[in-house]
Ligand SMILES: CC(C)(COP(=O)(O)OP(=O)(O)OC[C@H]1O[C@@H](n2cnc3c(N)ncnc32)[C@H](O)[C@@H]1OP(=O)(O)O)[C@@H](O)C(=O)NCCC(=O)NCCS
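Single chain ahead, written as structure tokens, the form predicted alone.
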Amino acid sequence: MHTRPLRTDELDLFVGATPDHRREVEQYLENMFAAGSMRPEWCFVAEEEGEGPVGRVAFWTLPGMEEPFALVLLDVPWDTDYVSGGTRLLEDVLEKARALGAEEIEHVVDDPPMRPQFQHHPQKRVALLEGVGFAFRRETGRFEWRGGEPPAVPGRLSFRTLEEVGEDAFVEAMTEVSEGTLDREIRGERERLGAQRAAREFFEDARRVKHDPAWWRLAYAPNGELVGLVMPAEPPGFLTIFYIGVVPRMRGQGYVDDLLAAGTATLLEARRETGNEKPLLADTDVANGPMAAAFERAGWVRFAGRREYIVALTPDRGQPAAV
């Protein structure tokens, strides 16, 4: 079996791996290419001599990043010998990701399967991922705003934008908000890198996602104390609450509802002004029960679950190692 990147004129070969969903995959590729999150040469097929393609997968990244961040559109013959072929495919592309400078790669499995990845056979997918070194990181609930009356924004907080407070103050607020977080990814990065460095790296990653700096705001109580922050954004294909949080000393007073109401209103206004119909989607760690409850109070609907897996790519080894 041989794994190779596609030529620009071969995208139909890649799309054809899921013939029942050609249009959805084509549209996804078009949107991701335009956003800078994917490239034709980051789409790979596995081929058996005389048989044609027997598997596919692609790299995805945050706009503006040069190294891959995640694997998407993974498909192999799930009803036959998916283990040997899938293992070879993943080992090959993970080695390519390491050569491109990636230090780790993630992959998510949605339940139920949904566009554009249509991830049927979830148990087989997880077994394949774990077989090449991926480790489970966290599970999230996926929420969507499906219309109705938007939550009212209470008047007890005042807001200052990123432009008004400056980057350093905003990163410092992110450092405070992450203390005691129930989000396993953010907590893990804080433990690994230290609170301030983790906040700075999260901020730098977030700023790669399309947004208006006026959307990112710090919130203050009437006495001037920092309450928290909200960071709406527009990743390719949808609008989201990228990050939201309350500082430890202000928790338990319902301020997360105020922040979420403000963030939801910002996204709805942005959608109205542009006239697009992009969905409003957001994820929260299932371990973060209070945040999930806040989304539900605000009128967001949980529509799916997502399991995140990650593998570390060490520079001194040809094979990936699990974190």
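Note that this is a predicted model, so its numbers are computed, not measured. Residues carry their position along the shown sequence, with the first being 1.
Keep in mind the form predicted in complex with the named molecule is missing from the figure; the text below concerns it.
At the 4.5 Å threshold, heavy atoms of V177 reach the named molecule in the predicted bound form. Not displayed here, the named molecule is approached by T181 to within 4.5 Å at the level of heavy atoms in the predicted bound form. Shown alone here, K124 lies farther than 4.5 Å from the named molecule in the predicted bound form, counting heavy atoms only. Contact annotation for Q253: at least one heavy atom lies within 4.5 Å of the named molecule in the predicted bound form. With the partner omitted here, the stretch from 165 to 173, 99 to 107, 182 to 190, 140 to 148 that lies within 4.5 Å of the named molecule by heavy atoms in the predicted bound form is 182 to 190.
Proximity to the named molecule in the predicted bound form holds for none of H21, N31 and L73, with the criterion being a heavy atom within 4.5 Å. Think of it this way: in the predicted bound form, the named molecule has a heavy atom of just one of P63, P290, G52, P279 within 4.5 Å, and the residue is P290. Taking A199, A219, V246, L90 one by one, only a single residue has any non-hydrogen atom within 4.5 Å of the named molecule in the predicted bound form, and it is V246. Shown without its partner, the chain has no residue in segment 62 to 100 with a non-hydrogen atom within 4.5 angstroms of the named molecule in the predicted bound form.
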